[in-house]
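A single chain, nothing else alongside it, follows as structure tokens in the form predicted on its own.
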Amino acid sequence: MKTLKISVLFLSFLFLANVTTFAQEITALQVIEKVYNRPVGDDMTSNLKMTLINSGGNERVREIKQFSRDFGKVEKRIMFFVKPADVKNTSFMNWSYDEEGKDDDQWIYLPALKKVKRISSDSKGDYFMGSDFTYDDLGDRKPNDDTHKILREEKLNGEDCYVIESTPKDEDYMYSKTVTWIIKDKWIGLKKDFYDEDGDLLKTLTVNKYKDIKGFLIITNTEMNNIQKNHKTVMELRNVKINSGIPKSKFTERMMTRGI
């Protein structure tokens, strides 16, 4: 019967449409990969203001000049402390590799010791220069280092977000899990909760501001709030310059000792 054929065709169309819709649904890993691969230019120069705020509301401000460059298989970043006097000429360098299973290389130069020190894997859980960021936080965590799950979709600060739970595959990782609110289509992590080894909330990273610079979405203001210590660190990027042509020679141990 003609009516039956039409009904069968219609049901078949609905089935195929549902299959297509299901196939196009994004996975949690794909969301994290989009965040990881979000373009930010070939190189970047900026001034960084780091404000440390203790439980009493007292502030310590540190000014930093930083440079980063993508070399394809490795992304390099170097930071020089400019102010105040007690941290001036301290420098930090991070090399992040695309290669799976290869950890970041990190170095710090302390003027008082007049020596560049390599950050060991055992020390990457230490806090960086009194801030609420660990050395590990300053590096890149690869998407496949964790198992990811979409918990839900919801709005945060007016932005449509995926809420992703990430559990480390390595049992020795300092966080038992993280939960990240990621803006759809912009692929910016707007908020990230870090849980300690006991599964308790340790700290929260919040992106307060991001802006379009030369067609790239750049995060310019973040706040890391350590819930357990009642201490927070605010990072503000200023004078951001993209694709200015930073030389390869900028990212060396020798340059760490020489300063800007």
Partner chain sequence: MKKIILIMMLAFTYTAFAQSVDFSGYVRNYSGMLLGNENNDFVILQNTFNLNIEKKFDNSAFKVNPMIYHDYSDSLTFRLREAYMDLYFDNFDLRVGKQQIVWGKADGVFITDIVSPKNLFQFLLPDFDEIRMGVTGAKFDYYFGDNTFELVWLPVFTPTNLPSKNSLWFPKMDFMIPPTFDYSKQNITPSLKNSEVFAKYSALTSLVDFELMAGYMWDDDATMFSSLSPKPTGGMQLTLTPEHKRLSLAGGSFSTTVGPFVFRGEGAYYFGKNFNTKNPAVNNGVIEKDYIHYMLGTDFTLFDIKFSAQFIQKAIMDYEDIIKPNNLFKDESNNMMTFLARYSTLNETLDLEFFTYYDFEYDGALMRPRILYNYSDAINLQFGANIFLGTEGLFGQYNKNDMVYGKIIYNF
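The term rigid core refers to the most C-alpha atoms you can superpose between the two forms while keeping them within 1.5 Å. Residue numbers count along the first chain shown, from 1. What you see is a predicted model, and the numbers here were worked out from it, not measured in a lab.
One more form of this protein exists, namely the form predicted together with its partner chain; it is left out here, but the text below deals with it.
At the 4.5 Å threshold, heavy atoms of D137 stay clear of its partner chain in the predicted bound form, well away from it. Its partner chain is not drawn, but in the predicted bound form it has no heavy atom within 4.5 Å of D185. None of the heavy atoms of K211 is located within 4.5 Å of its partner chain in the predicted bound form.
The shortest heavy atom separation between L201 and its partner chain in the predicted bound form exceeds 4.5 Å. Residue in contact with its partner chain in the predicted bound form (any heavy atom within 4.5 Å), chosen from K177, K124, K88, R141: K88. This chain lacks the partner; the member of R60, K191, K34, K49 within 4.5 angstroms of its partner chain in the predicted bound form by a non-hydrogen atom is R60. When contacts are defined as a non-hydrogen atom within 4.5 Å, all of P84, R118 and T252 contact its partner chain in the predicted bound form. In plain terms, the part of the chain that comes close to its partner chain in the predicted bound form, with a heavy atom within 4.5 Å, is 227 to 235 out of 64 to 72, 35 to 43, 227 to 235, 211 to 219. Contacts between stretch 168 to 196 and its partner chain, counted in the predicted bound form as any heavy atom lying within 4.5 Å, involve no residue at all. Comparing the forms between the shown form and the other one, the C-alpha position of E159 differs by less than 2 angstroms, with the core used for superposition. N89 is among the residues whose C-alpha shifts by 2 Å or more between the shown form and the other one once the rigid core is aligned.
Once the cores line up, the CA of D104 ends up 2 angstroms or more apart between the shown form and the other one.
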